[in-house]
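Consider the single chain below, provided in structure tokens and representing the form predicted alone.
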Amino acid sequence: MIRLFIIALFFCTSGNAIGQQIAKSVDGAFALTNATIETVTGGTIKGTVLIRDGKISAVGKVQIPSDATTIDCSGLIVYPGMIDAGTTLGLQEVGSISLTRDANEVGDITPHMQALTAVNPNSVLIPVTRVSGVTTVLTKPTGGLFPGTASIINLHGYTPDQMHVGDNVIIMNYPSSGRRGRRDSRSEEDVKKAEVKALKKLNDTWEEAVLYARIDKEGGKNAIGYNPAMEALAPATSGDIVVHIEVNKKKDILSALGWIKKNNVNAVLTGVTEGWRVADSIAAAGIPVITGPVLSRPGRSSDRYDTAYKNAGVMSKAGVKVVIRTNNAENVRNLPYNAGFAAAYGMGREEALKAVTINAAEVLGVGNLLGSIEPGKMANLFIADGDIFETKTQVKYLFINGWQIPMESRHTLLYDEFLNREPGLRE
């Protein structure tokens, strides 16, 4: 009975959220004049950003066409839209209600499961996220050895296909050594056996995918029958699709680097909580890193309180290409503050800004489309009244794929509703 009540309550509140009036996005030509422009790749300049046909058509000294809507950005800063390269946004709504979570598929090896097909474009969390300046995310499956295929999406569109940007990536959770936590009471022998077993499963799965790819290339796929998991994994064995490898402990990171080299994998390391311990090894391997959340506790009780804050900066200074993520759904909106903490604790503002813009775009394979303010790129950008890493800064205007997006969300609607409570209570 309690479960039914909770489910009913969720759908009632969800319906109320969706039923509220939301302003529509506006398409057209826009001229953002008198602005300070954080191009990211070309420094900070003054001038105008012209948007037309969903793209940035000109930057700097621009002759404004007569059909463009002019937005005076005096005293404001234009930024490229931020990119969170690791979320479950669109796949999860309420963490405590299983009916609203669709990021974890049944099974340990399901690389053929496409996160894009489960994305909910009407998620209340999407407007909440984008009004903070986050315009694009990688939404990914979780759980299992190969939990599925992640997708890059813009936070605007009526269907997942409309939101989809660029290529997909395969997610892999590298086998973890050691204990699972403080409550793990296994013996040292059992822990070691579990590690050996997990690594064997990984290697056996990869060898099977290599064999499947070879048979397919030689035209013998019909002889082995349809195998969707191996068909999805096969392109990764030849480097045709990127594999995001989740790994965190120092020992596991070094093990993963060896595995990547041995199998010649086109890989990106994700998580990398203890990357600061082996930053030089990661840099030498030339493998980019997607790390975070930065706003996190230390991985070990013996570590300093600021270990998680410094992690991204240590790796960046060692020569690693670093991207910052939130690894969240409801708090993806806090991406700029994750980057802000990394900036304050050694990474520096310039590198931290790159970590949520151009670095993220390049590591995700969409650097030609997103991540900086340059002519020809997709018009994903926002205008703010100050440094976006400061909590007092307000986003004033937002554009995704050239559409001017209303600065409305569940939060703003509730704020307006309760600011003017009518009719209120009777006396």
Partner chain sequence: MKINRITISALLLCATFLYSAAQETGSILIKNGTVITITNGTLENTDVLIEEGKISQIGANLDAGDARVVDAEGMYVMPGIIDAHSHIGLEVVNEASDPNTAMVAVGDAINPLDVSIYRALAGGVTTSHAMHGSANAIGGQCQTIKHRWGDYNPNHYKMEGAPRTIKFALGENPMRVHGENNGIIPKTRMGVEQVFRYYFSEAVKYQDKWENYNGENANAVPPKYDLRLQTMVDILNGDILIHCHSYRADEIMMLMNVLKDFGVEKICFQHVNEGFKIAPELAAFGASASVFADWWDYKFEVYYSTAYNAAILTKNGVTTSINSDSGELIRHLYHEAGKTQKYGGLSDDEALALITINPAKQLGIEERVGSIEEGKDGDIAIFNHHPLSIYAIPQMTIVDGVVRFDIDGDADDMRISIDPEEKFPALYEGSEAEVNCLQDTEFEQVHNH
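Residue numbers count along the first chain shown, from 1. For clarity, every value in this text was computed on a predicted model and none was experimentally measured.
Heads up, the form predicted in complex with its partner chain isn't pictured, but that's what we're talking about next.
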| message | Is residue 241 part of the interface with its partner chain in the model of the complex - any heavy atom within 4.5 Å? | response | no
| query | Are any of the heavy atoms in residue 414 no more than 4.5 Å from a heavy atom of its partner chain in the model of the complex? | reply | yes
| task | Please run the contact check for residue 296 against its partner chain in the model of the complex: heavy atoms, 4.5 angstroms, yes or no? | result | yes
| field | 4.5 Å heavy atom contact, residue 212 and its partner chain in the model of the complex | value | no
| said: Within 4.5 Å, heavy atoms only, which of 217, 200, 262, 182 is in contact with its partner chain in the model of the complex? | reply: 182
| message | Please tell me which of 169, 343, 315, 91 lies within 4.5 Å of its partner chain in the model of the complex, judged by heavy atoms. | response | 343
| field | Joint contact, 248, 333 and 337 to its partner chain in the model of the complex, by non-hydrogen atom at 4.5 Å | value | yes
| query | Of the listed stretches (105-113, 228-236, 125-133, 68-76), which one has a non-hydrogen atom within 4.5 Å of its partner chain in the model of the complex? | reply | 125-133
| request: Counting only non-hydrogen atoms and a 4.5 Å cut-off, give the residues of 301-316 close to its partner chain in the model of the complex. | output: 301, 302, 303, 304, 305, 309
